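What follows is one chain in structure tokens, specifically the form predicted alone.
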Amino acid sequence: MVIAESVREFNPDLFIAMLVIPEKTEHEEIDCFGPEDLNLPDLRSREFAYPETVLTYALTAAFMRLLLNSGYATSLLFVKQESMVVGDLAPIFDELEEGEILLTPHLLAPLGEGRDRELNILHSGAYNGGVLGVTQGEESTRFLNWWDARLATNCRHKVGAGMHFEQRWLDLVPGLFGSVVISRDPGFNIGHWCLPERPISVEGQRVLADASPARIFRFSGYDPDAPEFPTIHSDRVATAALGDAAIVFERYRSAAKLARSVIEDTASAPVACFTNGVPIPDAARDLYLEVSKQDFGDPFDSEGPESFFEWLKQPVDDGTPAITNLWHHVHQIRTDLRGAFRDHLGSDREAFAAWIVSSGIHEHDIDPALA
């Protein structure tokens, strides 16, 4: 709700639409949509494959496409959660009139001696997925269809495989599509990645970025309960060392804590489970994306020999002790296990099976029913 409140403060004439997960709720001043409104034939698969937060990333393109195709708007500015609007957004829409797709880079200038940080940006993606604009047109339609098709099964954090959730895909957009605008306005998208190099100054309610009016601040990885650092992803600089940017972080912190306090039910969402009540481990989600072309039916369904649940428990070969499809996958995705149990289906089989029982089920939080 921090985003909506800040939009209303500085841009009272804009319509606000929000995708609410896991299901649509109603709000007097915000147009709320739920996953069911997206009309995705593979929605059930995505809901199984992605934890709740990642699911929001995986539905981004579909949500933007829905708003354009339904006539809700002809121009959209997508702003991701963990953001706050701090100024007039009209200049962003003005830039969007120059094309059909608007991207905002993480960096607008070299970081000097920050070579490691620049490499980290390359791993995450040159363009930030937290602020993205589209307007109706053939190129934006092609882009959203293409992006959504990739996010269906490849919205994952696998840097070695070229993925950083939904964001890395944006690197290809300027080459694959026409009518792309790359904004170089320093006030459009400000986050820990460009601080403190991008100078921030605060004059009352007015925020400037590199002497230009600031529009949107992003707080990716910022924990209002642990405000000493601007993001949990790095401790390279303390929030207090960010100059006037620290004032903006404190404003967001206050707004976020206030928004949280007005929510009546603050209990954590229940862990997603198979229909038999067994929690779905992350390793199973990841494996499902690898083999989702197989016809398992509803992946949540645990009944029947053809279910994904039963397939996870099936031995990968005829050897003993049995190594199931799930644990074979765990071995494949962990370099330390591949080093410790080089021949996990042969000479190291018993040692690997012993590790599963003694450590594996705990390290991967896997219910004994899948062990």
Partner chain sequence: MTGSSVGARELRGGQVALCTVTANNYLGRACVMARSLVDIHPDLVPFVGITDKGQRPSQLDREPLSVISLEDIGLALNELTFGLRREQLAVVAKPALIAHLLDVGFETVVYLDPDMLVCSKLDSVIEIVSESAVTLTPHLLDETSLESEIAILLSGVYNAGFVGVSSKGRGFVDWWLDRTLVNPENDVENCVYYDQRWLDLAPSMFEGVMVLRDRGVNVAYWNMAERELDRREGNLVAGTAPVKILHFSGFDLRCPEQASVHFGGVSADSLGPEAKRVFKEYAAMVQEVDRQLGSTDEYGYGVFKSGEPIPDVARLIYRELGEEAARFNNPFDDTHPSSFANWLNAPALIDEARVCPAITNLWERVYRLRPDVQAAYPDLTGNDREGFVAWTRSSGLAEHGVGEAFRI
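Because the structure is predicted, anything quoted here is derived from the model rather than measured. Positions refer to the first chain, counted from 1.
Another form exists, predicted together with the partner chain; not displayed. Remarks below refer to it.
Engineer: Exactly one residue in Gly277, Gly160, Gly204, Gly71 has a non-hydrogen atom within 4.5 Å of the partner chain in the model of the complex; which is it?
Structural biologist: None of the other options qualify; the answer is Gly160.
Engineer: Going by heavy atom distances of 4.5 angstroms or less, which of Ala259, Leu176, Val237, Ala272 would be at the interface with the partner chain in the model of the complex?
Structural biologist: Of the candidates Ala259, Leu176, Val237, Ala272, Leu176 is the one lying within 4.5 Å of the partner chain in the model of the complex.
Engineer: Residue-level question: is Ile247 within 4.5 Å of the partner chain in the model of the complex, judged on heavy atoms?
Structural biologist: Ile247 lies outside the contact set for the partner chain.
Engineer: Is Arg342 close enough to the partner chain in the model of the complex to count, meaning some heavy atom within 4.5 Å?
Structural biologist: Within the cut-off, so yes.
Engineer: Using the partner position in the model of the complex, report whether Asn154 sits within 4.5 Å of the partner chain, counting heavy atoms only.
Structural biologist: Asn154 belongs to the contact set for the partner chain.
Engineer: Does Leu111 make contact with the partner chain in the model of the complex, using a 4.5 Å heavy atom cut-off?
Structural biologist: Although the partner chain is absent here, Leu111 would touch it in the model of the complex, with heavy atoms inside 4.5 Å.
Engineer: Can all three of Ile3, His27 and Lys80 be found with a heavy atom no more than 4.5 Å from the partner chain in the model of the complex?
Structural biologist: The answer is no: none of the three residues contacts the partner (heavy atom, 4.5 Å cut-off).
Engineer: If contact means a heavy atom within 4.5 Å, which one of 297-305, 214-222, 99-107, 251-259 is the stretch that engages the partner chain in the model of the complex?
Structural biologist: Of the stretches listed, the one contacting the partner is 99-107.
Engineer: Out of 164-203, which residues reach within 4.5 Å of the partner chain in the model of the complex, heavy atoms considered?
Structural biologist: In sequence order, Arg168, Trp169, Asp171, Leu172, Pro174, Gly175, Leu176, Phe177, Gly178, Ile182, Arg184 come within 4.5 Å of the partner.
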